[in-house]
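For reference, the chain that follows is the form predicted on its own, supplied as structure tokens.
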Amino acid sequence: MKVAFWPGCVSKGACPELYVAMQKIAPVLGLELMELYEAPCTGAGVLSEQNPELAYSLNALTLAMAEQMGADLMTICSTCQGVLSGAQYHLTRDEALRERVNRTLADSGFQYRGTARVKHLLWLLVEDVGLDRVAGLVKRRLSGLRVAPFYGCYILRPEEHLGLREKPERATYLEKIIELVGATPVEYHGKSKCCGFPMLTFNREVSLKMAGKHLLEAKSKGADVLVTPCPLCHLNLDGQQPDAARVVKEPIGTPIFHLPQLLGLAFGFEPAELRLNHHVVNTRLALEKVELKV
């Protein structure tokens, strides 16, 4: 299956282990990644607050690049997914906006037509590749590992932008993947809450308190590890976890896996190949649950 691949900025910057893990699992899944090397940053929801027209134009350009390839667009970042889905939602419903944006894109030789779907890897796994096929690729069952899903905001809300009104089951896909690889999903309230990353730069203490609260809740329910489809959530939950522990005044020490890393382990890759030795929070104890060493 050929897909136009937009990895987003974070997977090639602050979380390069995500990009590496995705490159490992793509051939196993039968995905041919046609990477959009010249696509712009989505703006992560921040740009649209300052200059909505520019944000629509930039995201329409990425979508138009996928259309020109004749392929659907796949993301591995929930934030990118949310922003691109929102842009597509408004562009398909507002003809005047679409015309203005296409005038902007004309100088670059692109036109947005709305023909390409934009799908996160998580959705693609369930809806296009199919759970039965993914299950057949599992070489190493992660039995004994208790995994807490962490969706975050952008892949769940607003529902009308992200297709959850038509497909409410998208809010359970992480649990399906966790079960499929042989691990046990951990149910907890914070799985669909904000990680706090969007406010990290202007209210650091509140941001870290939010992250710490979710982590401690998952840990109290017996989670060995959290898995997230969003690298920005990963930055707050993993990268900022030591500071979050100081803010909530409790030790945490719970590792955070990217979705492709969890799948990569189940597909038989070794932890070092998936760069599970490059996280802030040590992954050793979680890996020992499935008799692996980092």
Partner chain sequence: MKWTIEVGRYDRTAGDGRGEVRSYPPPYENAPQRRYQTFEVDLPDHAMVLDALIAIREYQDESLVVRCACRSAICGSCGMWINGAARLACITKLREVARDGKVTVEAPPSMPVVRDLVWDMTPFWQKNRAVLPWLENKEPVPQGEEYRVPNAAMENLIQEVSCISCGVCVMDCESFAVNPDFLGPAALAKAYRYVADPRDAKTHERLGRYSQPNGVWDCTHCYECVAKCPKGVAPMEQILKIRKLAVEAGYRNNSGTRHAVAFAESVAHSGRLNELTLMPKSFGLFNIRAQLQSLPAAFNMLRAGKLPPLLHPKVPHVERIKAIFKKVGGMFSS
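Positions refer to the first chain, counted from 1. Keep in mind the model is a prediction, meaning the values are calculated, not measured.
Keep in mind the form predicted in complex with the partner chain is missing from the figure; the text below concerns it.
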Subject >> Heavy atom of R103 within 4.5 Å of the partner chain in the predicted complex >> reply: yes
Original post:
Is there a heavy atom of T172 no more than 4.5 Å from a heavy atom of the partner chain in the predicted complex?
Top reply: no
Original post:
Using heavy atoms and a 4.5 Å limit, would one call T254 a contact residue for the partner chain in the predicted complex?
Top reply: no
**OP:** Look up in the predicted complex whether Y89 has a non-hydrogen atom within 4.5 angstroms of the partner chain, and give yes or no.
**Re:** no
Original post:
Which of these residues, R140, K209, K167, R146, gets a heavy atom within 4.5 Å of the partner chain in the predicted complex?
Top reply: K209
Original post:
So which of V225, A245, L31, L58 reaches within 4.5 angstroms of the partner chain in the predicted complex, heavy atom to heavy atom?
Top reply: L58
Original post:
Pick from 69-77, 174-182, 156-164, 120-128: which stretch has a heavy atom within 4.5 Å of the partner chain in the predicted complex?
Top reply: 156-164
Original post:
For the stretch 192-217, which residues lie within 4.5 Å of the partner chain in the predicted complex by non-hydrogen atom distance?
Top reply: S192, K193, C194, G196, P198, M199, L200, T201, F202, N203, R204, V206, K209, M210, K213, H214, L216, E217
